[in-house]
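Next up, structure tokens for two forms of one chain, structure 1 and then structure 2.
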Structure 1
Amino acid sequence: MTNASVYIHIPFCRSKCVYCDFASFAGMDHLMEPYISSLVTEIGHAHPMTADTLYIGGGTPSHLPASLLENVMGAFNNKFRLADGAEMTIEANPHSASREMLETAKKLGMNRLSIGIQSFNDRLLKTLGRPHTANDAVDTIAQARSAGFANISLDLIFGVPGQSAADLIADLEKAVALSPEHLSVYQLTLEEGTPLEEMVEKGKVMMPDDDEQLAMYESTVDFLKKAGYRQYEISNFAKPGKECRHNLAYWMGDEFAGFGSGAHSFTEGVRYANPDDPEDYIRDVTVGGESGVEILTDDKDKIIDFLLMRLRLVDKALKFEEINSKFEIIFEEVYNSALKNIEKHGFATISNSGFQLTSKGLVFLDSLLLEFEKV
């Protein structure tokens, strides 16, 4: 590939949140230097390309010392050319986004900051296992503005055990009052093997039921629309022109290159994945200079994967001709039964030319995809 979006993964965290199943790890700070050395090596072995976007995610990139972040960006700049007006995002959490880190990121060219707030309610932050307070979050946003970030995204979560509809609206009100350019409001999902799953199974906490989660989602969409944020994806809302271009590349099926443990790449219709464990990643790069193995999928898996990404876009109905030309099938015939079932359950509206998800379908995307997997 000659043009692509680039993702760089930083797996280190101060602590592991109870709901998180990402490739992130606490208590591994001793691996930071060898990990960054391996990351620099992997990037150095990549094919030169033009980066339309760069996204440094995690984990907690802001947990990384400024000097190591400089090493990462040095390797990136040595290998890739940035497209004009490229979007360059780095993730940060309030407990680790120091003034030095923010100023270093800005100096290195990062022009978009994504801050993991999750809630402005200290009680809910404690339930989620977050190591910061609501005041920390507000202070971080102020520091980010002072450091020169003019494009800030805030992450919030709804559907937290013990969260009421009023709690959610209060979080949204506080977020909007801070005037971020972008908001990501995610539905909390119960992931296998997480401490939260164990807490629910033991009856220590109770997740909201489907009706409550749907009501929270719809109130979020309504509130942010009135506040001037356009919903362009299931969980993402932006002021005009501030949509996350990096994530749009994923959802539209564009090519991307990923570096670091747990990172994925997609090129010429093939997906590659690096090992999640940082030690495994370091070993692979040390031995071979690079990491990653091809993810073998059949045509049906590729269709499901495409649907999982493409259907997230709320204002772009999926035309049958789009998916038919991509996979050389007659989708509306092959998946006719699945289409009828998702329409019957209120997940989508179907026309002769394509289909689009309803609010219910957007909230329960994983459930409706099961209908297509049955075919």
Structure 2
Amino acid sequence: MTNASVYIHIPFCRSKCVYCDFASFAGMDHLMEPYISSLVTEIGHAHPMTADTLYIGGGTPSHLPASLLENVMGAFNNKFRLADGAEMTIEANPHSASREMLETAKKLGMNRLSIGIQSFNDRLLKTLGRPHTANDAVDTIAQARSAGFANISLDLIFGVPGQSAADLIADLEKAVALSPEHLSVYQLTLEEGTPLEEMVEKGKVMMPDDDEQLAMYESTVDFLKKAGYRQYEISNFAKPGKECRHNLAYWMGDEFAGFGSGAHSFTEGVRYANPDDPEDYIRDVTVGGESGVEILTDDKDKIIDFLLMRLRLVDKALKFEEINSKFEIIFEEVYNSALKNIEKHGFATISNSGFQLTSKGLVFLDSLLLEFEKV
């Protein structure tokens, strides 16, 4: 591993949103201190490296007291040398990103802020169970700017029960008016075991159907393109040069090191996963200084794993050489029938040197992967 992408997970939240099934926990703030010291220990056991990107995600990193964030960054700086122009992102939520918090982050070297806005519509924020209002969001962005963040990304969600096509456009308009450098616009996914799923099952709220969701997706792509944001991944849009380099590392199949509960790492072709539960994680690190188990995959799975990340990128043809050198195969021969199949239905264009999903293919990525699975 030459230069590294580093991920640090902060699992704490003030409240759990109704749609969320990530490794995040509300009401566990009492674990913050032992968790952070475990994080410091785990980072201390890592191989020293040069970091190209750092991403502190969650959970809600901005929910962390400033002093604890300082501890984390102390451990990071002890272990990793920063590459020139390194991208350093921290996630924040409107309700928790105080002026003090933002200034601390900036002082600690963070140069990119990713804010979970989700919507500028208070009715929809309530449906989603978000603990903030649209006004909070606008304030937070203003404060971030004045704290000196020149690279801001906003997260939005579409396909919320009760959201009309006009609601979505209104959200996009408000977002664009604030001129963020980057936008992630995700379709709301109904996850198993979430309160939202229960609400939908009981008929309290209704998810938009496939056709409505697709229309929303298409109008998002269309709207942001006109507003000067390039779609570079299924759900991600950026002003020129402002693509998230950390996430690009995931999608390109590059290696990364993850720390904290629920964090994954990918080194020398092997993936490792830390336990989702912070208490399990703390115990692991307390006992052995490290955490995580290897995710066992065979060679075929590794190729699929690569494809399922890599093919999410838009307008970036996958060169056969890229995949062949990674896996020591002749992809275009081994996967010839799958390629032909998806090309036949207009889901991809194939050239001598590589292939690329069409916009029609992009929205069927999950199904297309099964074609490659058949090989």
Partner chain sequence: MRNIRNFSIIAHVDHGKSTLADRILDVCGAVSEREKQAQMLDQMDLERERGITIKAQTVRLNYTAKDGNQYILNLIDTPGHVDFSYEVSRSLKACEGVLLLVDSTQGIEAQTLANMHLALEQNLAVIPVINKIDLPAADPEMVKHQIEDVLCIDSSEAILASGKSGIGVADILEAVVARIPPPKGDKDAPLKALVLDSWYDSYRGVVVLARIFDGVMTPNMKARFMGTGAEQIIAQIGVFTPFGKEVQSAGPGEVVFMTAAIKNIADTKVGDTITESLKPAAEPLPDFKEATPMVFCGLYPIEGANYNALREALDKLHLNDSSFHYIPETSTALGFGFRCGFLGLLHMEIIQERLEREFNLNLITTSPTVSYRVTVKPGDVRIIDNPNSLPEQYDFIEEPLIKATIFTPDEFLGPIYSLIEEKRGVQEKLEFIGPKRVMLVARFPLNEVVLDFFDKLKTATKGYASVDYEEAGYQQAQLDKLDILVNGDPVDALGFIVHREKAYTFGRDIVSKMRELIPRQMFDVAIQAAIGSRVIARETVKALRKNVTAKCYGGDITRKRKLLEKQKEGKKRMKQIGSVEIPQTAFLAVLKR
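Numbers follow structure 1, counted from its first residue as 1. Since this is a predicted model, take the numbers as computed values, not measurements. Just so we're on the same page, rigid core means the largest C-alpha set that superposes within 1.5 Å between forms.
Assignment: the form predicted alone: The chain shown as structure 1 is the form predicted alone.
Post core alignment: residue 45 C-alpha displaced by 2 Å or more between the two structures: For residue 45, whose C-alpha is compared between the two structures after core superposition, the shift is less than 2 Å.
After fitting the core, residue 68 CA displacement of 2 Å or more between the two structures: No; residue 68 is a residue whose C-alpha shifts by less than 2 Å between the two structures when the cores are overlaid.
Rigid-core frame, C-alpha of residue 29, shift of 2 angstroms or more between the two structures: Superposed on the core, residue 29 moves its C-alpha less than 2 Å between the two structures.
Residue 366: CA movement between the two structures [superposed on rigid core, Å]: Core-aligned C-alpha shift comes out at 3.0 Å.
Between the two structures, how far the Cα of residue 329 shifts once the core is aligned, in Å: That residue's C-alpha sits 4.6 Å away in the other form.
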